[in-house]
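Starting off, we have a lone chain in the form predicted alone, written out as structure tokens.
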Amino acid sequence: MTSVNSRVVDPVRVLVLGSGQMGCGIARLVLDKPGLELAGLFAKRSERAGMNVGRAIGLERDLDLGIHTDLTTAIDEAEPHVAVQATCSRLSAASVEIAALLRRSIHVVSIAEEMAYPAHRSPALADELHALATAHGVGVVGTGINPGFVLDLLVIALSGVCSEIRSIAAERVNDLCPYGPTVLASQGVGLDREAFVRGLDDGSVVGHYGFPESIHMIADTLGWDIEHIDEQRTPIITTVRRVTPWLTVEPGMVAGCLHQAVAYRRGEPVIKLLHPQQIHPKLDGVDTGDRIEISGTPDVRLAGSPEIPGGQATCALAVNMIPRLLNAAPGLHTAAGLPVPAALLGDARQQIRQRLALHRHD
């Protein structure tokens, strides 16, 4: 057993789970933040085993760390205070890794989309994670650009100036280029129209992960009971050639997915979320951006273009959430239930005030 006292003299040791675009970006950011120490990197891909972490995350130098593909070994070697999970999107997959970390008394920040509001997808699993985290004296939270910020947390924050709300509409038009092949495949990028439809049927094309999570985060915070949610996914067909490091999309092929969700309360649509995602949207004359409109007293409008960059923002949110989580009570949290994360511009240790008792495996 070791402890980190309220002065937090030693750096906060961070284990990153995931060696894709997001995992590597998070690892690089941890290295740049005073008060945080990159303690290890776990990868799910077996071919990554033993690779030097520095080269793997895109640095031009080696680090005194190797990638582990066995989670138990990664934990034993890293002895982390907190882990940032960036390996998957689904709650069912994320919960296995999260539970293993919680059992070792390690705080967890997850960017798995369905972890943004897990009580919607599986109340029983959410209760299990909460109980496990509480029993081991640590916290767990899901975050990210979306879900986790633009189409939910920011909406909730803006609702604070309203005395009454009739409906909410929010849209995020973004560029998928910062993401890796797994995300692109989930959007159907590179398919033809017929293959896109088949992908919707067999589950290989999912569009945006997280609309129900965002809707229920908003609705539960506002005290609304949602009766049902209608979702639609349609292919975005390119008229021009678009090239990414992972694939080339020719005219007539799918460049992305237009996904929308409408939530109903008392028979009326009260929350509408729209999320067209594609690679290089500007090549087809589409400007990216984020827009929120609240119809209420008063009406609220907020819009910005271009989009908040999704890849950079998700990495930053994951790292900036660390002090908020370490200062929170043990248990399962949501982004709406913790203080809004602020940029770590100073020493992260100065933002961690509460006493942390963290079990260690000797």
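Residue indices: 1-based, along the sequence shown. Source: prediction; values computed, not measured.
Not pictured, yet referred to below: the form predicted in complex with a further copy of the same chain.
Q: Even though a further copy of the same chain is not shown here, does P298 get within 4.5 Å of it in the predicted complex, heavy atoms only?
A: Yes, P298 lies within 4.5 Å of a further copy of the same chain in the predicted complex.
Q: Please run the contact check for T234 against a further copy of the same chain in the predicted complex: heavy atoms, 4.5 angstroms, yes or no?
A: No, T234 is distant from the partner.
Q: When the contact criterion is heavy atoms within 4.5 Å, does L302 count as touching a further copy of the same chain in the predicted complex?
A: Within the cut-off, so yes.
Q: Would you please decide whether R242 lies within 4.5 angstroms of a further copy of the same chain in the predicted complex, comparing each non-hydrogen atom pair?
A: The answer is no: R242 has no heavy atom within 4.5 Å of a further copy of the same chain.
Q: Okay, which stretch from 82-90, 160-168, 274-282, 181-189 lines a further copy of the same chain in the predicted complex, with non-hydrogen atoms inside 4.5 Å?
A: Of the options, only 160-168 has residues within 4.5 Å of the partner.
Q: Check each of A43, A56, A336, A39 and return the one that places a heavy atom within 4.5 angstroms of a further copy of the same chain in the predicted complex.
A: The option sitting close enough to the partner is A336.
Q: Can you name the residues of 10-32 that have a non-hydrogen atom within 4.5 angstroms of a further copy of the same chain in the predicted complex?
A: Counting only heavy atoms within 4.5 Å of a further copy of the same chain in the predicted complex, the single contacting residue of 10-32 is L29.
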